[in-house]
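Form predicted alone, single chain, as structure tokens, below.
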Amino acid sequence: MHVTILGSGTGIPSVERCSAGYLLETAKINYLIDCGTGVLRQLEKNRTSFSNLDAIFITHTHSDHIGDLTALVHACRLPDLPRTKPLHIYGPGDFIEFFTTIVQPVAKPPTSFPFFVEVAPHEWQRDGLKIKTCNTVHSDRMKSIAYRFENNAKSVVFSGDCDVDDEIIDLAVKTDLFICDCSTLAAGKIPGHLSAKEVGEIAQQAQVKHLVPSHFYPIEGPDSLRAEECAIHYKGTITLAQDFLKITV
């Protein structure tokens, strides 16, 4: 599996970091995890056409995770779009209601190929991958989930936005790659998000093999402080996320 970080930032504008978005690829599939503002352009810069996506996985519906979703659906109605394969968009328990009330009135779903909007199951298989989800602690205004993808005995976990909780630890157990919300340092802890200290603790408890802190809010000082704080508790490999970072699992 190959992961490209399309957006390692948040909803706060940044010239260095796009809002949340990650591309997961195998020889057979192209999956998009979250679709924050600017992610469509990041896909094009990565030379990956939106028309080649096999599925989209939304962690929750805060704008920095779905800001480009309406534009993507609209683009799928492009005349003569070279696509016949189905497109599935998965999300948390309230996602269908969000799609029908917010996205669909602005961008009609495509009719030239099969198109599905679904609540992500707890566990299922598609395209030869095993996919698991868990609920995350983030906001009392909406549901949020994390995803685990397993292929050929390798795994990648995307936490989405979350706080400390046993479910995210269980989902990440012994994963090969853990891309995790690391919004702040411990001194600037935001409820519903993880600090670097907490990320390190979770990664250590879950025995994660490779930790990639992401979803960076601005902090005082260099981003290297996040890695230093994670490393107080986590003794494995740490790579700070940056846009267009590529990792093979």
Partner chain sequence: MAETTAQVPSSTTSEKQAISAKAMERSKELKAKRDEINKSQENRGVDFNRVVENNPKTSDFPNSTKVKISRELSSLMEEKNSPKKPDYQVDDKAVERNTFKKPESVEAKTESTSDPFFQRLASLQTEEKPTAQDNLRGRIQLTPTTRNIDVVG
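Positions refer to the first chain, counted from 1. Predicted model only: the values in this text are computed from it and were never measured.
Although not depicted, the form predicted in complex with its partner chain is the subject of the following passage.
When its partner chain is considered in the model of the complex, Cys182 lies well away from it, no heavy atom lying within 4.5 Å.
Under a 4.5 angstroms non-hydrogen atom cutoff, its partner chain in the model of the complex has His138 among its neighbouring residues. Contact annotation for Val117: at least one heavy atom lies within 4.5 Å of its partner chain in the model of the complex. Heavy atoms of Trp124 never reach within 4.5 Å of its partner chain in the model of the complex, leaving it off the interface. Although its partner chain is not shown here, in the model of the complex the stretch 213-233 places heavy atoms of His215, Tyr217, Pro218, Ile219, Glu220, Leu225, Ala227, Glu228, Glu229, Ala231, Ile232, His233 within 4.5 Å of it, in sequence order.
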